[in-house]
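Taking the form predicted alone, here's one chain by itself in structure tokens.
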């Protein structure tokens, strides 16, 4: 029986977890697990809409910059004396506007999403610097901050509230992707956009909505990140786009679109999070962790293609030998 890529990633996740249990003291402790999973909460949240985008043949590289802009705006408005209950809707609205800009440039102007979001990656990060400069805003209300930290967990579990929210959103995303007409439309668009259009799918509208959701979730992740660290900075979340993309591709979602599962993307997120925590506990330098993440990203793209190439070669060889 052929082992699916996403299943293989799930098996690898279990193997890494068991390795941690057997080799690293404190790895399986309640406090460490709460920290480990909460430490990737923002990446995990942003990976959900990214999975839908990549399945549809699109990508959003501006997610981490939108997180940074959201954090900077949260800090600036809080420092100006705004109520936190007012700040959050405004920040989320900015995320929606950013997603609309990405989607409009892709669907109406006709630019490729990779080029567009490389541009807005720089744009949103630059706006974050304009909003907050090199300042750092702290002293956010404890009433809200306590829900983002790893010391506050869902009663009876080691799950923090951001992680619990991720689980709920992941379940919703899985249903949408694998059990609804919307999900089938995403696979159709990713596999063959022109065919999807002639089949009656509102391709531009679907893609625009995906970018809006990505902007919204990224802005929300910025609020969570700010509260978790208790600090708003323009450079918050810098480099997270690589972790998000690596998680999705590692989970077996095809960068060319049309293939992938939500389970695989979630397994990819958890694998990177568990591996990162395990390396940290073993005093591995952050630079080495970045290298490991990069190698995983390369492997996630290269390995499935090598498997496909070898399989096709074997089929051709078998056909030639029987002819």
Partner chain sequence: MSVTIEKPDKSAAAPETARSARSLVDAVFRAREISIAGALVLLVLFTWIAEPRFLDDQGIKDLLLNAAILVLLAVGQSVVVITRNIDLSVGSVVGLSAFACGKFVSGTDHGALTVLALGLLVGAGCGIVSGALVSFGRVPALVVTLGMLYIIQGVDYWWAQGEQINAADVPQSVLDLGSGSVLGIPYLPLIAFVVLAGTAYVLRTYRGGRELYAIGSSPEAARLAGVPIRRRVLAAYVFSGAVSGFAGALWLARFGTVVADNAHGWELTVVSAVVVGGVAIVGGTGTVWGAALGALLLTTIGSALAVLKVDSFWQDAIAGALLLAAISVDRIVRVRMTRALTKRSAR
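Numbering follows the first chain given and starts at 1. We call the rigid core the largest set of C-alpha positions that still match within 1.5 Å between the two forms. Treat the numbers as computed from the prediction; the structure is a model and nothing was measured.
Omitted here: the form predicted in complex with the partner chain. The next part is about that form.
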Quiz item: At 4.5 angstroms, heavy atoms only, are 130, 246 and 256 all close to the partner chain in the predicted bound form?
Solution: yes
Self-check item: Heavy atom within 4.5 Å of the partner chain in the predicted bound form - residue from 312, 15, 21, 302
Solution: 302
Exercise. State the residue from 141, 181, 200, 110 whose non-hydrogen atoms include one within 4.5 Å of the partner chain in the predicted bound form.
Key: 110
Exercise. Would you mind picking out the stretch of 219 to 227, 74 to 82, 247 to 255, 157 to 165 that comes within 4.5 angstroms of the partner chain in the predicted bound form, counting non-hydrogen atoms?
Key: 247 to 255
Quiz item: residue 57 near the partner chain in the predicted bound form, any heavy atom under 4.5 Å?
Solution: yes
Quiz prompt | the partner chain contact in the predicted bound form: residue 236, any heavy atom under 4.5 Å | solution = no
Quiz item: Do residue 31 and the partner chain share at least one heavy atom pair within 4.5 Å in the predicted bound form?
Solution: no
Quiz prompt | Proximity of residue 284 to the partner chain in the predicted bound form, heavy atoms at 4.5 Å | solution = no
Quiz prompt | Stretch 82 to 121 - residues with a heavy atom within 4.5 Å of the partner chain in the predicted bound form | solution = 105, 109, 110, 111, 112, 113, 114, 115, 116, 118, 119, 120, 121
Practice problem: Please say whether, between this form and the one not shown, the C-alpha of residue 29 moves by 2 Å or more once the core is aligned. | Solution: no
Quiz item: Using the core for the fit, does the CA position of residue 296 change by 2 Å or more between this form and the one not shown?
Solution: yes
